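One chain follows as structure tokens, the form predicted on its own.
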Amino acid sequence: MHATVVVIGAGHSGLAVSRRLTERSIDHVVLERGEVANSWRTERWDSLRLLTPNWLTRLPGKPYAGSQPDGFMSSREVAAFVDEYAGEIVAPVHTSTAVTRVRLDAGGFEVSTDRDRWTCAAVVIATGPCSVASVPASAATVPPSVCVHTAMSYRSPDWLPDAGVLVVGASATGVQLADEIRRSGRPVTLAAGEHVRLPRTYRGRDIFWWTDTGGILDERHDEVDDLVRARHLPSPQLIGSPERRSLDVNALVQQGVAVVGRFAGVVDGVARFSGALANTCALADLKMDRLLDRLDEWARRTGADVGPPERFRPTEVGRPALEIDLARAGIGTVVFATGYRPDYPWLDLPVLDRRGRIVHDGGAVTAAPGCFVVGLNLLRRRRSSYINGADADSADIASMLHRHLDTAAKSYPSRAN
């Protein structure tokens, strides 16, 4: 079977690319291992809500049209939003079709699936950054008597033993899980490494109003210092809640969560933690204040209609424990909220770095011309890390892809059409 372009993945990014290809009358198919928006349906915890407000959740040709623009979609609502979009754009999606291999073929690519085999002139990888949970090697030191979950396997406190919980990781996921589990009545310890602290609202506006209106989300990937590091920073400590509350280390301590340093492993039943927590938190505070300074300067310069400047209480962690005997402390579960990573066992192309990540330049996979990737953190701009980033990114990718097809048509006319 042949299509000019094969898109792998029918999440919001893959469908946005499909819409752009249709606009350009480029023949294509979208291959999806499960259902449309499969990850949102099957790989998220029950209470998850987007970090971005609804008004910022939009795709090419589809703005948010609901009655709660300042609300935050649940994972089920996101799945419904994306599924509705697939229907509206009449995307040529082949569901329940798992890709098993992508390799170079004369003048293009061969994409094998568990159902059939496709040839194409270009391929777009839209499987996202969250294929599998990223777990540190130290996770292997947790004794078998302790229940272990990742953010991908965790669903709700009801699934956990009636015992204390150690949450490892203080990104958005880690602080949200620590908050939820603590509210279930269990003792919770949070092991916090490097993290990004942000207030939910600032000077009366949602933090995403500031970064969207102020242009920060539109900073291009080639304008960012140390792009590799920026692409792999933890997600900011935020939660999408009706009361628009901030959720950071101070808020968790106030709830009774014990906060310790970075998890180093377990030896003879004793969990060990870094002693650098105070420095780690001070650095997060410093970076937050620098961002707020930048927002204040933008507000002053533009005359934005906002409240007076604010500054937030520095993070206070006291004297955190460096060691905890898991049995004596009654800890029955460790949840590793240490992020996700993409996984490409089916990608038979020389395009991965030593950590298994696709090497690309703003979505163009230069080692395999005609191969593109979308839906990754800071792919082409800071906005790329969020759903609405698919709008501009898909337009750029479609434009680059179109140019590639024009070039390929001169060499391999049978594959480019």
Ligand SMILES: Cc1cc2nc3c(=O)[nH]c(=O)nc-3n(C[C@H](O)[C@H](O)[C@H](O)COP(=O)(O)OP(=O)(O)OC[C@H]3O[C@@H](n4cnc5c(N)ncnc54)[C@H](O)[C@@H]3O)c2cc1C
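Numbers follow the displayed sequence, beginning with 1. Please read all numbers here as calculations on a predicted model, not as lab measurements.
The form predicted together with the named molecule is left out here; the points below concern that form.
For the residues Arg381, Arg357, His360, Arg33, the 4.5 Å heavy atom test against the named molecule in the predicted bound form is passed only by Arg33. Leu51 is the sole member of Ala368, Val29, Ile26, Leu51 with a non-hydrogen atom within 4.5 Å of the named molecule in the predicted bound form. None of the heavy atoms of Trp118 is located within 4.5 Å of the named molecule in the predicted bound form. Although the partner is absent here, Ala10 lies within 4.5 Å of the named molecule in the predicted bound form, judged by heavy atoms. In the predicted bound form, the named molecule sits beyond 4.5 Å of every heavy atom of Lys62.
Thr127 belongs to the set of residues with a heavy atom inside 4.5 Å of the named molecule in the predicted bound form. Residues Thr97, Ala98, Val99 of 81-105 are found to place at least one heavy atom within 4.5 Å of the named molecule in the predicted bound form.
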